[in-house]
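A lone chain, given as structure tokens: the form predicted alone.
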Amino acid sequence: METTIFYIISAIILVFSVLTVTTTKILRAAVYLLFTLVATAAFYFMMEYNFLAAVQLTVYAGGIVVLIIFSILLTHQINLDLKKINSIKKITSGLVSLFGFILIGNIIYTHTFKATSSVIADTSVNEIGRTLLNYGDGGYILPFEVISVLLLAAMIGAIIIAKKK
């Protein structure tokens, strides 16, 4: 049963990822991206990484995609058609994708991946919270605060740019 669900979610991610980058309607691309991000969260739920799945849903599927759609609607670009991609770029990107697929497949099948005791860590929400908000070694409070200030500056800049005169 898990294998079937895995293949269904994988198919959803593949289809909507391709639709995201191939559609000429910008609003549809944002909606397709939303479906891709929600399906990625489903993978995290399958692996029982509930915290990571919740972050994926709230930050990426909830926040980022809503921000993208809001930006599209705010700038009145809802009916914007993106430029058609010429055939040389399509062929080149297809060949690069095929090369990447072959490379990753080769790496997966030729290397053995073994879990060691140092890789396995406590993934409880309490431990993740302590690690993220730790001031000491291995803590992420400083990068967290720097990113929050950067996002605040980006939001203020976006409001100033989008504001009509």
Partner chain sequence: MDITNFLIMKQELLLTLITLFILVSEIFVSDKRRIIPIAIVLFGIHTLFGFLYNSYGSIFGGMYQNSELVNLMKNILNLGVFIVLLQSSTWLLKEENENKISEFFILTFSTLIGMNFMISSGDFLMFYLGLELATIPMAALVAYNTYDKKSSESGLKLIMSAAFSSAVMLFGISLIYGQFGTLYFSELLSADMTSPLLILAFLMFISGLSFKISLVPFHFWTADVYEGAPTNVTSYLSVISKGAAVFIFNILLFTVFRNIVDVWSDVLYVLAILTMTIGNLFAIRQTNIKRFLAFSSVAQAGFILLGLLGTNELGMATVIYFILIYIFSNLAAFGVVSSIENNSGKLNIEDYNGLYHTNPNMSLLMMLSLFSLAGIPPLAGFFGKFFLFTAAAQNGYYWLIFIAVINATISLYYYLIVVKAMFINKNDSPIEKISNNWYMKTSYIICLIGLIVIGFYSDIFEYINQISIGI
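Positions refer to the first chain, counted from 1. All values derive from a computational prediction rather than experimental measurement. In this text, the rigid core denotes the largest set of C-alpha atoms whose superposition between the two forms falls within 1.5 Å.
Although not depicted, the form predicted together with the partner chain is the subject of the following passage.
Residue contact with the partner chain in the model of the complex: Phe113 places a heavy atom within 4.5 Å of it. For Tyr135, a non-hydrogen atom is located within 4.5 Å of the partner chain in the model of the complex, even though that partner is not displayed. Looking at Ile141, you'd find a heavy atom of it within 4.5 angstroms of the partner chain in the model of the complex. Put simply, Ile147 is close to the partner chain in the model of the complex: some heavy atom of it is within 4.5 Å.
Along 98-114, a non-hydrogen atom within 4.5 Å of the partner chain in the model of the complex is carried by Leu103, Ile104, Ile107, Ile108, His111, Phe113, Lys114, in order along the sequence.
Once you line up the core between this form and the one not shown, the Cα of Ala158 ends up 2 Å or more from where it was. After superposing the rigid core, the Cα of Ala54 is displaced by less than 2 Å between this form and the one not shown. Shown in the overlay between this form and the one not shown, fitted on the rigid core, is a CA shift at Ile147 of 2 Å or greater.
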